[in-house]
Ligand code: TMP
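Encoded as structure tokens, the following chain is the form predicted alone, with no partner shown.
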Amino acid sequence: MKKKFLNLFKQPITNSYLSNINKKTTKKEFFYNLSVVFDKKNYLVSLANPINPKKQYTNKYAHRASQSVTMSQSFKKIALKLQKKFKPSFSLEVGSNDGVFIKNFSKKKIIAVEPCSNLAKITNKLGYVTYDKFWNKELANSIIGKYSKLDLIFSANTMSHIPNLKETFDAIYISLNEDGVFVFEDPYIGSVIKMNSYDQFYDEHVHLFSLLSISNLLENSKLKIFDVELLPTHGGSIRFYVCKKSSKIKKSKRVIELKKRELKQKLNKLITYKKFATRVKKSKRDLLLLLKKIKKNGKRIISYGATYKSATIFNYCNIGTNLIEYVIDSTKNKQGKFTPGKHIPIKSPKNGIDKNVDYAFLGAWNFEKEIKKKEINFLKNGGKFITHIPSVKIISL
């Protein structure tokens, strides 16, 4: 039985950056109600009403994973680690984005699936065979029919985007060799609860996983978890190592230990999520009070990073250009556009944060260390950052 515990109100598709603001474009802008539910049967946390993926993953998809130094290094590290540990002869990546992971593989040893055609073109041009389709059993059968069954399937920040997990995991089972491995990572609900990072909920994050919930779901597709890792990426992620139930691969002690920790954290109890929802409401109040106080004192506030997370914050808290003048972002295809829903202009950072800016809200709070290092002159000149994670506060040098 699914129980609603959080309502983040009317939200836009977070990848829908408008090129201009007028009656025609704003009238066409798509909104939906973002409510979050907890399934008392399998412990899965999901959006109450997921958006049709065809509205989200289009040929105008904006995110480029390679443009983050942190993520490029992270993907290179895991790509090399998986090749060394499992020595796969043939691999597949589901959700390859702009090739940030697969470019660390030989072109003859890996293929990819990426439904956004503009991104699939990038990896195809790099020489990696990439299917610009959605992952399902039909595609899985087509791929293994043309090539062979797979030794390794990798996916990062994609499984949590897919509404039909049964179809997805069944397709994984079909595609794997008997002792093949499926490794995937996504934002971790345990970190969300701990950090109060409610901006992890947006249209693309259909689900937020725990070990408890994924174990139940994989069981239904004749798969099992044999290892697990908690990661700092994206403000707290979890990486699952999965194989067929019939595989002889032994289960790691880390699986047992994390299961105990999640039970202690009560990630299998509705009350945990209800308490979280109460903290979310407080975070909204505190952030608005701080921003309004700063503006009242005549100070200038911008936002750092036109992220999907910040879209949730701005729309839930009703933060527009009355509080934040503009957003700076290094992603070129976001620059010159406007944030989804609240229509805050997005600018190039050029030489960093403008010296006349007093405060910068960390829309990309999960890259705080990277940003502080990059913008050290802003801090040295008296500039301050604002964050809402794990609670609303000001960060100075």
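All residue numbers are counted from 1 along the displayed sequence. If you're wondering where the values come from, they're calculated on a predicted model, not measured in any experiment.
Keep in mind that the form predicted together with thymidine-5'-phosphate (TMP) is missing from the display, and what follows is about it.
- Proximity to thymidine-5'-phosphate (TMP) in the predicted bound form, taken as heavy atoms within 4.5 Å, picks out 368 to 376 from the listed stretches 368 to 376, 35 to 43, 351 to 359, 51 to 59.
- His234 is the sole member of Lys284, His207, His234, Lys103 with a non-hydrogen atom within 4.5 Å of thymidine-5'-phosphate (TMP) in the predicted bound form.
- This chain is drawn without thymidine-5'-phosphate (TMP); in the predicted bound form, the residue among Thr123, Ser91, Thr312, Thr307 with a heavy atom within 4.5 Å of it is Thr307.
- Residue contact with thymidine-5'-phosphate (TMP) in the predicted bound form: Leu47 places no heavy atom within 4.5 Å of it.
- In the predicted bound form, at least one heavy atom of Thr331 sits within 4.5 Å of a heavy atom of thymidine-5'-phosphate (TMP).
- The closest non-hydrogen atom of His63 lies within 4.5 Å of thymidine-5'-phosphate (TMP) in the predicted bound form.
- thymidine-5'-phosphate (TMP) is not drawn, but in the predicted bound form it has a heavy atom within 4.5 Å of Ala364.
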